[in-house]
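Coming up is one lone chain in structure tokens, specifically the form predicted on its own.
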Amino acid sequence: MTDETFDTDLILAIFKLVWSRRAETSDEKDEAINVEVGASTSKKNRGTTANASSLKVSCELLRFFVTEAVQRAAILAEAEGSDKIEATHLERVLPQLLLDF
């Protein structure tokens, strides 16, 4: 049995969205502060990318995280006598899950 993982294109799209939002907020801060004098740095002009192996590892880490969250929420739901996992079950297990990861 093979475990399915997240699509690397989906994860890359999510990463790019986060990177672009961070770049926008950092540009706004730079405009407000304008501390840097002279030519712009090459780091500032470079786009952020991810190689194939880092995307695969990120997909696996996300798969493990989601699987663990669902398993812990299922245990909690079962202990409460429920046969369905609800959002409240996930909300209750996420703080400890985040500390464990």
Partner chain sequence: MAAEPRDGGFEKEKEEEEAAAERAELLRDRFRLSVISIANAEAEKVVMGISEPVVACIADLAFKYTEQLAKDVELFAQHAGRKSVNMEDVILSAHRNDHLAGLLRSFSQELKGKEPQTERKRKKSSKSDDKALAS
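Numbering follows the first chain given and starts at 1. Only the largest set of C-alpha atoms that superpose within 1.5 Å between the two forms is called the rigid core. Quick caveat, the model's predicted, so the values are computed rather than measured.
Heads up, the form predicted together with the partner chain isn't pictured, but that's what we're talking about next.
Along 60-95, these residues reach a heavy atom to within 4.5 Å of the partner chain in the predicted bound form: 60, 61, 62, 63, 64, 65, 66, 67, 69, 70, 71, 74, 77, 78, 82, 83, 84, 85, 86, 87, 90, 94. Relative to the superposed rigid core, the position of the CA of residue 93 differs between the shown form and the other one by 2 Å or more. Superposition of the core reveals a Cα shift of 2 Å or more for residue 79 between the shown form and the other one.
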